[in-house]
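Here we start with a single chain on its own, the form predicted alone, put down as structure tokens.
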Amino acid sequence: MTTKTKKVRKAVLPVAGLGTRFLPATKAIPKEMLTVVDKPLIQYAVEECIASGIEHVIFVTGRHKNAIEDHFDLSPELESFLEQRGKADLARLVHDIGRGVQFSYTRQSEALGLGHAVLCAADLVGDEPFAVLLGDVIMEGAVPATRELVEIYEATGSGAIHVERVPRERVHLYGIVDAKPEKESRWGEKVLRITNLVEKPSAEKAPSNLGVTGRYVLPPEIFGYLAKTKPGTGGEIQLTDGLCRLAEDNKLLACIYDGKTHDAGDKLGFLQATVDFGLKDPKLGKAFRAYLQGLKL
């Protein structure tokens, strides 16, 4: 395997944000630890990493994020407590959280943007390709979203990001890609070659309606681009700027996601994800569906 197609072993999960849209709940609890049914948001992302063959998960944290580290650490006292009370199944459930993957943590001391957060992980990633997952986005599909991007990267040597079609009236909420069909792609029309990205354009200026979803697999060159990026609005370094440089170098692909994306980073999306996963829960789903059907709206 050449350097160009080195195996994707690591993933970066930026979790340093303050979660202000969920105040007061997030005053003392990390947004990523808010639960969708019975699982914290961040656990869905970690489970996707494991299902995608990732071996090393790197959290970029900030102050007051210790609960994330504790959640993925062993808890022998709790396991012993559960086993002593005949709850071996719960003890295994607790023990197996994050099993089979290595965790590392690094700090983003200031909220200087997603690009800066990714750059904070440069030393831990090293000269390897890596995935980036936004912890407040849950992606459901027949194939784990990150695995799909890993397969594209390892086959082509180009960075790959997931995009989805968004309504024109919502393009101003997304990073939007300008892309063209990828010649001789074994993925057909699903994979496009990105020529440019625009961060949150107006509907009139948007080059397409393909919005970035929050899943990326990137080559290590992105770190050099981000290190040279000048801070923009609010002194932030945006990941989009580094992605634009990759696109200029003809090294970035877009994969149109055909699964379901839950943007749980705002209250409505969080509620929608809770309902969807609650209905699919094998123990709660039937009773929850009956409850919803009985509501007088």
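When you see a residue number, it is the position in the sequence shown, counting from 1. Note that the coordinates shown come from a computational prediction; the quantities given were computed from them, not determined experimentally.
One more form of this protein, predicted together with uridine 5'-triphosphate, exists but is not displayed; see below.
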Q.
Taking 4.5 angstroms as the heavy atom distance cut-off, pick the stretch from 108-116, 141-149, 174-182, 220-228 that is near uridine 5'-triphosphate in the model of the complex.
A. 108-116
Q. Of these, I161, L134, I194, L210, which has a heavy atom no more than 4.5 Å from uridine 5'-triphosphate in the model of the complex?
A. L134
Q: Select from the listed residues R289, R9, K280, R21 the one whose heavy atoms reach within 4.5 Å of uridine 5'-triphosphate in the model of the complex.
A: R21
Q.
Could you pull out the residues of 28-53 that have any heavy atom within 4.5 Å of uridine 5'-triphosphate in the model of the complex?
A. K31, E32
